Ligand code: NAP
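Okay, so here's just one chain, in structure tokens, the form predicted on its own.
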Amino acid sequence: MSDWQTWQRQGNFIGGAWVGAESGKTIDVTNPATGEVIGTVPACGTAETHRAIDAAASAFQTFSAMDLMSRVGLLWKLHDALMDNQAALAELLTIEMGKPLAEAMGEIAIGAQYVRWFAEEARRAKGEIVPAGVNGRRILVTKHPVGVVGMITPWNFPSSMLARKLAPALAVGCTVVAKPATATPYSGLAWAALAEEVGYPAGVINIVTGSARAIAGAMMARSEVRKVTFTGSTEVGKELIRASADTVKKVSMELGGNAPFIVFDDADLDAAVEGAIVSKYRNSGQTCVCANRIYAQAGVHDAFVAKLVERTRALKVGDGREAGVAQGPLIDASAVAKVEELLDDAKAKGAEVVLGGSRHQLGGTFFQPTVLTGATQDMAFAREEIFGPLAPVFRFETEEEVIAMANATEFGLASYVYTRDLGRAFRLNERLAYGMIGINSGLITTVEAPFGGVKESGLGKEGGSQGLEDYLDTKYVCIDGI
């Protein structure tokens, strides 16, 4: 057995036991780099999700009452287990998802950092004593775990996306029912295996795979589930927000993005190109915060494009387990078709392909890293998320013009700006309608900062001191007659 197979669980984890679907049905899991079926997971649905919720609700009674330092101690053990098995967990991630092994190693590491961060933040989840308006009274504000939390995570970061939901929930005493993406379930199930190994009580963490609609439907219907956290498309997020109304659940939503990447005339071009490479092509462009629209000011447009093409041409495409590979396959055939559709739309409207522009000679779902020039606001990718290795470059003249173009979207997740003008950096902080702004950086995600968007990119924050808030209820206690 390979090391990664040690953590490959082909059952679901419900109430502390590894189980299959009641129907006996399973779902094949495929390596996108090779097309090989690497295993199966249970095709679960409503019945199994109800059992998981029952287990989580029962476990909440005792886990929420566990003393703080015992919960913190479990998180420390979970952190160490992740890092002790980083290489095996990363290889499992690469095999089921396709990203380069170096990126997968980084994903496991940042997941462990989220666990460590929230172990520390839980000790600072303070309440308040508020001055009362009349004598003889005390006003207390206290924080309490919200209850059972439903979690739905995507395929593009199948480990770290769960980490930044699990860690704060467990830190404050919530219990969990999580549904990982069907395309990449093993990284999610591995969290249950790790939690079992370090001693989490039965029912605290439950992982269910199968029908997204059935599992999410059960989560939304049950009043015991007091919060649902989702990372995925805006379309699905809106459905979940509507469904949450019937039981008035807390929701946090990390939804779609359409990130502008703005390069001004005064930018350090070499730094801007490196930032564009990491922002655009990380995970083959399959990230919600990757550069979707690259805006280069007229004075540096041509020089920037030349440097970008040179660096993009050097990217090695292949199986993520091969040395030196910078870009793996796209997740499936529909992802490739989406990139081709956006590419065809742009070319029909006058864009020019200056590098790449077609499927890779490796076949399967591999696609050439692609650079387009002549991009305009009427092209589909100006409004839609690309989720692939396609870098469209727009030309702009003035700061006012590019702010208007950057904000001309319903999304507001991440944005990036390269400039040496300090005043401009502060102006753009005020005027760019995005929850996250990288100034002279194309990689800004960090556990210490609140990750999340504005407008239709979502609700709530993950990470930072703000990351605990969505897992806590606030109570006010008035003590009179003192």
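Start at 1 with the first residue shown and count on from there. Remember, it's a predicted structure, so these values are computed and weren't measured experimentally.
This protein has a second form, the form predicted in complex with the ligand, left out of what is shown; the following refers to that one.
- Query: Should the pocket be classed as open or blocked once the ligand, positioned as in the predicted complex, is overlaid via C-alpha superposition of the site (3 or more ligand atoms within 2.4 Å of backbone or C-beta atoms defines blocked)?
  - Reply: Judged by the transferred pose of the ligand in the predicted complex, this form is open (no ligand atom within 2.4 Å of backbone or C-beta).
- Task: Select from the listed residues T370, Q113, T231, T373 the one whose heavy atoms reach within 4.5 Å of the ligand in the predicted complex.
- Result: Partner contact (heavy atom, 4.5 Å) among the options: T231.
- Query: Tell me, which of Q86, N407, T182, S223 has a heavy atom within 4.5 angstroms of the ligand in the predicted complex?
  - Reply: Contact check passes for T182.
- Task: Give a yes/no on whether L413 approaches the ligand to within 4.5 Å in the predicted complex, heavy atoms considered.
- Result: Result yes; L413 sits at the interface with the ligand in the predicted complex.
- Query: Using heavy atoms and a 4.5 Å limit, would one call F366 a contact residue for the ligand in the predicted complex?
  - Reply: Contact check for F366: no, nothing within 4.5 Å of the ligand in the predicted complex.
- Task: Could you confirm whether E107 comes within 4.5 Å of the ligand in the predicted complex, counting heavy atoms only?
- Result: Judged by the heavy-atom cut-off of 4.5 Å, E107 is well away from the ligand in the predicted complex.
- Query: Does the 4.5 Å heavy atom contact test between K280 and the ligand in the predicted complex come out positive?
  - Reply: Residue-level check for K280: no, no contact with the ligand.
- Pick from 126 to 134, 193 to 201, 244 to 252, 212 to 220: which stretch has non-hydrogen atoms within 4.5 Å of the ligand in the predicted complex? Of the options, only 212 to 220 has residues within 4.5 Å of the partner.
- All of A337, A382 and P392 with a heavy atom within 4.5 Å of the ligand in the predicted complex: Checking in the predicted complex: none of A337, A382 and P392 is within 4.5 Å of the ligand.
- Query: Counting only heavy atoms, which residues in 128 to 161 are within 4.5 Å of the ligand in the predicted complex?
  - Reply: In sequence order, I152, T153, P154, W155, N156, M161 come within 4.5 Å of the partner.
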